[in-house]
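Just the one chain here, laid out as structure tokens, in the form predicted alone.
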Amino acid sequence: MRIAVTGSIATDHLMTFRGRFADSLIAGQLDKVSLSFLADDLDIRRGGVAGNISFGLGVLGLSPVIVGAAGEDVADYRAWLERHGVDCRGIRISDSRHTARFVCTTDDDLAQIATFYAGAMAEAREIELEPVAARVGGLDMVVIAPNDPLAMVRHTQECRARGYAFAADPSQQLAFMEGPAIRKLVDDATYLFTNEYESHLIEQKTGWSADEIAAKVTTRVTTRGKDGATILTRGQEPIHVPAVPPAHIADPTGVGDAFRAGFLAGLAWELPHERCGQVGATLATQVLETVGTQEYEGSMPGFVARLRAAYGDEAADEVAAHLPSFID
């Protein structure tokens, strides 16, 4: 199964301030604020939704095609993805902008001050999918993940025009997009991925009811945190997939992306939706127990045992038959 993952490619710059932002904020003077904070730590991580999903697919033994825009400073990140089986020839390199960057400082109260620089991501709207499909021999699934909003709409429209099946994953961009654009992203999707809050936000912004959305997409996948995930396919009974209990919680960032990677891997292996959700839930917990969205490769040995404990022998045996040899 040839999967193209469109979306953001970014680096996260995470800093820690040992103090409280609130102690430096003066009531009545916020319109004149001019502050700097001395950070104790700087942690630079690979990120972006397309990068995270593609990495997860690569770790599970697939060869996804990542499609997005980045700057010339993406070289090390690109090499990392390629080393993990990701086809990076679909990355457009900007000659004038840096790769998208998320810069965030967190204080002792866990309050955050952050800035997102879109940078080269804005050029994703210039990318055509057809040349990518021609190079790899066709596309069986295109993931429309958070990206430059105009790029998301363009990729969705091209999927419809060219008959590519697509999975809509608007997530973070829902807050910035209005109803008409969201309708364009959702309508005719083979899969719609959201968390529980995002599912309600789509209904609110589009004006469509849950039943109307169910009539416009083939399968709706809703993640519910510790309560697992619900999979609704038109004309079929709902499927509930329980979450895999974490041994500990390190960082929730990237958990949703990991679930999507696992689910898509299950589709590529032609497993039923319940198994796809179980693979996704197991990979999501691996990420939950790890700091960083792409730092869990070392914990993958034991993946099958964890899946077996959560979902039983039959599920584990079916999934294990498709995994690369280093995962057991």
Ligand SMILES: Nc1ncnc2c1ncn2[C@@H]1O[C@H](COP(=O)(O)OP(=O)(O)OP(=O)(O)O)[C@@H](O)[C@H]1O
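Just count from 1 along the sequence shown to find any residue number. Note that the coordinates shown come from a computational prediction; the quantities given were computed from them, not determined experimentally.
The same protein also exists as the form predicted in complex with the ligand; that form is not shown, yet it is the one meant from here on.
Trainee: Within 4.5 angstroms, counting heavy atoms, which one of the listed stretches 101-109, 81-89, 128-136, 236-244 is next to the ligand in the model of the complex?
Mentor: The contacting stretch is 236-244.
Trainee: Please identify the residue among L60, V65, L288, L271 with any heavy atom within 4.5 Å of the ligand in the model of the complex.
Mentor: By the 4.5 Å criterion, the partner-contacting residue is L288.
Trainee: Does L267 reach the ligand in the model of the complex, with heavy atoms at most 4.5 Å apart?
Mentor: Judged by the heavy-atom cut-off of 4.5 Å, L267 is well away from the ligand in the model of the complex.
Trainee: Check whether R224 has any heavy atom within 4.5 Å of a heavy atom of the ligand in the model of the complex, and answer yes or no.
Mentor: It does: once the ligand is placed as it appears in the model of the complex, R224 has a heavy atom within 4.5 Å of it.
Trainee: Give a yes or no for I182: in the model of the complex, does one of its heavy atoms lie within 4.5 Å of a heavy atom belonging to the ligand?
Mentor: Result no; I182 lies far from the ligand in the model of the complex.
Trainee: I'd like to know if A261 sits close to the ligand in the model of the complex, meaning any non-hydrogen atom pair within 4.5 angstroms.
Mentor: No - in the model of the complex, heavy atoms of A261 and the ligand never come within 4.5 Å of each other.
Trainee: For the stretch 267-284, return the residues whose heavy atoms include at least one within 4.5 Å of the ligand in the model of the complex, in the order they occur.
Mentor: Contacting residues: A281, A284.
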